[in-house]
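One chain comes next, on its own, written as structure tokens: the form predicted on its own.
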């Protein structure tokens, strides 16, 4: 990696107006979370015995897992397939994935009725359950992400742990731990990278497998035997757009290097995978003959058409144009379309296309559900901002006179591959 693209903490103030807005968005959600644990799900949600799941499952869990796919797709590209040119975007992708997977169990614990039993799959194994496979893969992969991120923490603090007050008694232990981690993890990191890729493929497809047990509840436009494959391919297809989306937004608010040439090259893979996904979706409709449901003029048919046109067809056409791939704005618009398509797909599968046989009234999210989902999203963005400010995740922009905008107290980093 060139010196110009070396990651470093950013010499920028943390508490900006944008960060204060994030905090303001988190506060109402926190109040509703407290109300949920005090008064139960019925106190803040529109869920019921006949409509047992809503946007907390569809967005906070199913969509969140898919949008965190940039971590394993970028790691596979740079480290498994040896595309070293993409090394500069692996750290922010890893951070986004780590934050995304950290908030999945938090959101799940808020959503499930018996939240105190969320740890049961770790102890009480059920090898015949797809849900068990998804749960264990997410648990293990989240820990793998922490291990993969640990060298970044060690690079920053291995010679400078300075906990304040009573916590200072831990300084020596933490510094020794970071030094040992810094010396040893590089030698075995390939094991965790491979494990992360395998675990991700397993639980991304596993989320699709969950819906295979609901053939009479899921609309025919989405219910298909290849649902696990579609979930996996769509997660891979949205991984790189999430990296593009995050990088463009970060560069708009932070003094970091322009990675447009790298993102432009990355979009070629997105073009390939969104094309494969589109062929699978259309081919599945034709083979199963379910295309006739497109003309039933229902909410499901309309939502399916929007999902395909906005999330698959339009970005595929845009990314097929070299001028769009070379344009930062074009890349951002294409990435937004693909992300919107995957979000809508998960909403369609878990909400729009799903009908409980005992539901007597339709489900619509309550103010509390919307506030909690907004707060969780804001918390992820807030933590991202905190971590890129104090840890070497992004490459600071280097002015023409050669003075880096990275903090002057940055410790010497290791040579990166």
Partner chain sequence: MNRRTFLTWAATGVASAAVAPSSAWPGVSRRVPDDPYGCLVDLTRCVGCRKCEQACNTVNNLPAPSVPFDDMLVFDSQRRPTPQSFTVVNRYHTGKVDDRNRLVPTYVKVQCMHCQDPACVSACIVGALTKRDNGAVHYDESKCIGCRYCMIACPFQIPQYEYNDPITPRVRKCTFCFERISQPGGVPGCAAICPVEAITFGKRNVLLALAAQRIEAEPARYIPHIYGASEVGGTSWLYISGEPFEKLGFLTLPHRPIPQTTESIQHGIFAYFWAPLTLYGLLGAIMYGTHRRQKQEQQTSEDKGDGP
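These numbers were taken from a predicted model, which means no experiment stands behind them. Positions refer to the first chain, counted from 1.
What comes next is about the form predicted together with its partner chain, which is not displayed.
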item	value
Close approach of residue 184 to its partner chain in the predicted complex, 4.5 Å, heavy atom	no
4.5 Å heavy atom contact, residue 47 to its partner chain in the predicted complex	yes
Proximity of residue 39 to its partner chain in the predicted complex, heavy atoms at 4.5 Å	yes
Partner proximity in the predicted complex: residue 114 to its partner chain, non-hydrogen atom cutoff 4.5 Å	yes
Three-residue site 130, 191 and 197 fully in contact with its partner chain in the predicted complex at 4.5 Å by heavy atom	yes
Heavy atom contact within 4.5 Å of its partner chain in the predicted complex, the stretch among 250-258, 75-83, 293-301, 161-169	75-83
Partner-contacting position among 217, 326, 176, 288 - heavy atom within 4.5 Å of its partner chain in the predicted complex	217
One residue of 383, 31, 367, 43 in contact with its partner chain, assessed in the predicted complex (non-hydrogen atom, 4.5 angstroms)	43
Members of 272-296 lying within 4.5 angstroms of its partner chain, judged by heavy atom, in the predicted complex	none
